[in-house]
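This document starts with one chain, in the form predicted on its own, laid out as structure tokens.
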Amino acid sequence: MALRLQTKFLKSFVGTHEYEAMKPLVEAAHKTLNSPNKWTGWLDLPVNYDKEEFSNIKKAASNIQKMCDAFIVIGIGGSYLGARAAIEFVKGASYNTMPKNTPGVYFAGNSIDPDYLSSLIQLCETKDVCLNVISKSGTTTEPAIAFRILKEIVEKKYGVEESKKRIFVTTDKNPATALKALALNEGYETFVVPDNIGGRYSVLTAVGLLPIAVAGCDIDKMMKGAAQARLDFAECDMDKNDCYKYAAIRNIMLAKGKTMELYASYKPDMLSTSEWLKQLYGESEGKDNKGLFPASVVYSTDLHSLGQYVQEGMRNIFETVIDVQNSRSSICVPFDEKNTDGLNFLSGKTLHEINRTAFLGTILAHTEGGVPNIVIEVDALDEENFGYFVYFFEKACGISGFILGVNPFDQPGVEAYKKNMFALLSKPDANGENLKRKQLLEEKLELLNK
């Protein structure tokens, strides 16, 4: 298990003096990150987690595996992205289609699209189902709608009493919150969303660990990997701490006019991990008119769509390439006597070898084309490496955000669309502000339609 930062492809883009100039900023960010903060519970989480709840998560996961063959996780943002990333990282992106002894894990409540939810409703008709609703408040629109609909379906299928055994709630510990109050009233088994850990940093809490454990991943190994990363990246020395150096490089890139960070991998199993990274960095740094725009690609697939732009488009991009050193499978290209496709020069080579050659060819082309490349090597896609990976990027995000001069733990801009949506849907409010806002918004829409 290891994660290593490679900067050899940055030599023509970043000078030694630029690294030196970042050191005081990194040291200041380190002090700020380690000062008392109500949102940094994730810093010591790998060694300071609730051991009793952790044990209960494993027990609940075992019971769920016996009860159902479809486990539907209801949540949005950090309430589902981390779990999905972990499952695909460890078990593969095709997890739900593979023969297995554990339930398929499906995700709802991350959109309001009726067609997507309809497919999950059909799934409920043909499979034994358990639900896990994840929400700190219980009133977030997308998951609340999905839970209301799926809860009714499960209760009709199994009866109210039996359904109580099949519904699991991960929410705030405060009994006054809507979802916690419902869980107590109905007798659902509950797990805690910690007060001192924000959603996008919560994958190694009950928020992510219950779905991850249900999928058959070893969450003890996951926490072990995170605990090792906590030790490895504790020292404030940019020359030795790859996590801090990565945070510094991101800000050097931004100062050079590179406004977009493109997360690249050569594994489709990394797709959801890239989605998690995009939320982590986009929501943490995108404020006060600052921050890198996070995007992602999976090569070599996207070399046939976005590759042209990366090679010759605007030079406002740098790439952070996740280089997975080992594959789970070994597949060789066979020899074909007819050689109609002209590929006999590849016969006997493994797909892993060819994929890594694609990585080398691409990174050389892109750097020659003026796109700086950061490489982060990961040994393998397994539980320990995932825990290590998560801690690396979470801590780098905290350091990077403070270097940038923003609070990496709030997200005030997320509320803007909700205010408009609630007004247009005529959500009741005490002072009538929604009605006033609705009138203004409808006037704007009418003008736009003329």
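Just so you know, these numbers come straight off a predicted model, no measurement behind them. Each residue number is its position in the shown sequence, starting from 1.
One more form of this protein, predicted together with a small molecule, exists but is not displayed; see below.
- Distance criterion of 4.5 Å from any heavy atom to the small molecule in the predicted complex singles out Lys136 from the list Lys136, His366, Lys91, Lys267.
- Scanning Asn373, Asn251, Thr140, Thr190 against the small molecule in the predicted complex with a 4.5 Å heavy atom cut-off leaves one residue, Thr140.
- At a distance threshold of 4.5 angstroms between non-hydrogen atoms, Ile76 is in contact with the small molecule in the predicted complex.
- For the chain shown alone, Gly291 is not a contact residue for the small molecule in the predicted complex, no non-hydrogen atom being within 4.5 angstroms.
- Proximity of Gln411 to the small molecule in the predicted complex falls within the 4.5 Å heavy atom cutoff.
- The closest heavy atom approach of Gln279 to the small molecule in the predicted complex falls within 4.5 Å.
- Contact annotation: the small molecule lies within 4.5 Å of heavy atoms from the stretch 78-86 in the predicted complex, the single such stretch among 376-384, 299-307, 78-86, 357-365.
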